Structure formats: structure tokens, C-alpha cells
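Below you will find one chain, with nothing else, as C-alpha cells; this is the form predicted on its own, and questions on how it binds or moves follow later.
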């Protein structure tokens, strides 16, 4: 019985993903066309980069509600810099670096506030969320900003072996994060902090520095995702990606990483974000309105959290 429950908890999401794809392929064969698969993977990749960072934060027992706003700033600032410097390859590279650094700076502010003041992460990052949104509106004059940079447009449309370049970025980030979390002392210490912060401190781990670093990583992921989004649509706005933070939390929990921290992994989140986007796209193919996705997202998140709580309580009782 214990082995069966463990299998259900570890493999259920993969089984659901495969089953859902099979059902959609039967009902709407066009869903498994090469073009649609590529589009699903592109959408998955942009949010997936941020979801991986959110998973790392949740493993340590924190999360970032300002991720959506930081993502919007990444789009806006990248477009602005491309319009100013994007005439050369060096200028584009500099625009990317500056965008990432600016997003990391917002993440660093979150980390300082949470670690030094002791304010709960959800309160501190909620405040930062409003601050970044306000700054985005001031910076753009409440308008959308766009770019006509040909190199960025070509990269966003480019493919290799049938997959978008954006998908390869997601794969690379996922592999690096998996190796770091599973095989390095840094990753093991993050798990220790999420499992029991006091014990981690007694073991000599600088928990403040490690927690601070996770918020910087979150900022970095928002910048990468923002640049990727601009490559796809060549525009930026505070209205784009408002559901990013919730989607990242949903993908993390759906993948099997508990909100309590100390367990889980980024490889699970990869499956979780894939499942969410297959479901969202599948609903569209079945003719359901786009706003149904928000309801489905809430139902899926609530169901998975409830299931995780049930499994945790069952394990505690035993």
C-alpha cells in the first residue's frame, strides 16, 4: 500500500499529462500537430523559466508575489533599450545584460526587506509588486512600448530541429537548476533551510544569505522571461503576464513541490507547467472560452494542494 501511494504521488502528474494529451489527440487531432506543439512549448518556456525560480524559492519556504510586475518591467526596459541600442549585436547583448541586472536589483530589494526586517515574504513582495507596477506606468506613461528590432524578431521566430530557440533557453535553465539543486552544496543547503531554518542555522548555514540569493534568482528569472516574451511579441506592457506569479505557484504545486518547503524539485515543476499549458491550450481547442482558463487554474491548484495536504497528513499519522 505504501509503495502504491508513493507511486501515485510521484508519477500521477506525468500520467495525467500523458492521458490528457492522448484524449486531446483523439478529440482534436490537430492539437498534436507540429505547429501547435511548438506553440505550446513556447508558451510553456517563457513562464517555465520563472516557475523554476519560484520552485527554488518555495523549497526554501518563501515565494515572490512581485514576480509578475518584475516580468512586466523586464519586457518594458528591454524594449526601451533595444530601441536605443539595438542597432548592433553588442548593443542587443548590452540591453539584455542591463535588463537582467535591473530585474535582479528588484529581487535584491525583496531579499533585503524579507531577510533584514523579518517581514513575511508575501507581504514584502506584495508591496514591491505595487511599487514596480507603478514605476512601469510612470516609465511608459501608462502606454505599451514596442520594438521593431529585426534581430530580436528573427530570434523569436527561429527554430532548431523543430523547436523554438526560446524552448532551448527553458531546457538549458531547467537542466542548470536541476544540477544545482540536486548535486551542489548550495542546493542541499536550500533544502535544509526549507526543511527547518533553525536547524540549518545551528548547522552553520548562513540562512539569510541563502534566502537573499533566492530572491535575486527570482529577479533574474523575471528578466530572462521578459526578454523571451519580447522576442516573441516585440512589445512590453504592465498588462502582460499579470498571472505569472500565480501560474508559477500553480505549476510548482501541481508538479509536486509542497508550499511547506524542504521538498520537491525543479524537474517536477517542468512537468507541472507542461500539464497546465497542455490543459489551457486543450480547452481552447475544445471550444471553451479563454476566461475559463482562470477558473480551471484555480480548480487545479486547489485540488492539488488539497491532495498534497491529504498525503502529508496520511504520512504523519503513519
Partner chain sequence: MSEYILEMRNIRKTFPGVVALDKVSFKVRKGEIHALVGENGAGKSTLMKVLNGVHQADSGEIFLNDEAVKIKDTKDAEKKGIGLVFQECNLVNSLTVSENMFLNNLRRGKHGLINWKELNKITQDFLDSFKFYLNATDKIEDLSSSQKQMVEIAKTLYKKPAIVVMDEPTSSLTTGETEHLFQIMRELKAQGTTIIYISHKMDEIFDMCDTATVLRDGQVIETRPTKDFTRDEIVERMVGRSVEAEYPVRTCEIGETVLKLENVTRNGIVENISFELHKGEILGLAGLVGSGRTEIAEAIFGAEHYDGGIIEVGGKKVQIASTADGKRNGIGLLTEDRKETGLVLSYDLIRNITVTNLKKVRNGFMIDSKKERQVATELAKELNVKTPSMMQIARNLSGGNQQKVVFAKWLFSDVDILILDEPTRGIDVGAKYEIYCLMNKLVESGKSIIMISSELPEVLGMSDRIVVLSGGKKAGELKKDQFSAEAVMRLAIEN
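Bear in mind the structure is a predicted one, so any value in this text is a computation, not a measurement. Residue numbers count along the first chain shown, from 1.
Although not depicted, the form predicted together with its partner chain is the subject of the following passage.
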note = With the partner omitted here, the residue among 139, 165, 191, 80 that in the predicted bound form has a heavy atom within 4.5 Å of its partner chain is 191
ask   = Of these, 179, 239, 154, 93, which has a heavy atom no more than 4.5 Å from its partner chain in the predicted bound form?
value = 179
ask   = If we take heavy atoms and a 4.5 Å cut-off, which stretch out of 192-200, 97-105, 146-154, 69-77 is in contact with its partner chain in the predicted bound form?
value = 192-200
Proximity of residue 185 to its partner chain in the predicted bound form, heavy atoms at 4.5 Å = yes
task = May I ask you to check whether residue 158 falls inside a 4.5 Å heavy atom distance of its partner chain in the predicted bound form?
result = no
request  = Spell out, yes or no, whether the shortest heavy atom distance between residue 120 and its partner chain in the predicted bound form is within 4.5 Å.
outcome  = no
request  = Consider residue 263 of the chain shown here, and say whether it contacts its partner chain in the predicted bound form, taking contact as heavy atoms within 4.5 Å.
outcome  = yes
